[in-house]
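Below sits a lone chain in structure tokens, taken as the form predicted on its own.
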Amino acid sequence: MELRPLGSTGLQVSPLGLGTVKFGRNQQVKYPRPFALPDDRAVLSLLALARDLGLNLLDTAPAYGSSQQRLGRLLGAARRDWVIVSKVGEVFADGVSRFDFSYAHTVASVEHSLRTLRTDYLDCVLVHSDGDDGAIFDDGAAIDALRELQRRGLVRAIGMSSKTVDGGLRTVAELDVVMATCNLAYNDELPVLEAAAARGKGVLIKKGLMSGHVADADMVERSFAHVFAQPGVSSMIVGTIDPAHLRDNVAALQRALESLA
């Protein structure tokens, strides 16, 4: 799988990134079917398969339950083979999400992620928006904290997992990477992708398969083709704990990319 630049960050990422929420959290999620968390052996097997298939991007977050802790314990020396994207702002505990975009919490969150992932740097950290992107920017505390952590070398690239067009555009204007939503049924944020392409900023796509609600093989391939037909897309994040599902996604992605060549 040919790697793509993540904007001008200097990072190279696979066009398919592995979302890891299902490694650590199965409460209050929007997937169409319930699932049990995989055991360590299954996670290790899936990570090995993902690398064999050419993936090098892992997406995780403090809000993903035990995902970061499990990755830190299981990756070991293989950590250097992965580009790891984490987040700040949202914490999930006792079945409830809460948000904190203060300077102190942002710094503490990144430091906790470094410890739990057992690494001395994070490739990319995104603000995990609560939906009020503008307020996060206007307050500025979380952004200022990420800039300081980047200056200290603890974080290579910073950005936001935004939820509005205006928030996405501000992310593109002020930060390194935007995580935006794009799929066959939702294209409101295409101006964000166009702006990112024009400015050379990194673009990660979330919900490209509508949080697992796109299951038909033809629709999956069409979804990949739609996303990667848009300008500036670096990678699309898809979460799975099913090896067959992962293989099918890679095959569908490759067919879609060939159709666009």
Ligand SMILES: NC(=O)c1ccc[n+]([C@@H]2O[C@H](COP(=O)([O-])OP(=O)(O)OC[C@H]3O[C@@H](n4cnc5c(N)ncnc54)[C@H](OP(=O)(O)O)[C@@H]3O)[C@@H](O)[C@H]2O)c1
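On a predicted model such as this, the values are computed, not experimentally measured, just so you know. One rule holds for the numbers: they count along the sequence shown, beginning at 1.
The protein also exists as the form predicted in complex with the ligand; that form is not presented, and the subsequent description refers to it.
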The stretch from 47 to 55, 208 to 216, 226 to 234, 193 to 201 that lies within 4.5 Å of the ligand in the predicted bound form, judged by heavy atoms, is 208 to 216
If you check in the predicted bound form, do 21, 179 and 241 all have a non-hydrogen atom within 4.5 Å of the ligand? yes
In the predicted bound form, the residue from 163, 156, 79, 112 with a non-hydrogen atom within 4.5 Å of the ligand is 163
Do residue 43 and the ligand share at least one heavy atom pair within 4.5 Å in the predicted bound form? no
message: Using a 4.5 angstroms cut-off on non-hydrogen atoms, would residue 170 count as touching the ligand in the predicted bound form?
response: no
So in the predicted bound form, does residue 249 come within 4.5 Å of the ligand, heavy atom to heavy atom? yes
Restricting to 52 to 91, the residues within 4.5 Å of the ligand in the predicted bound form through any heavy atom are 59, 64, 87
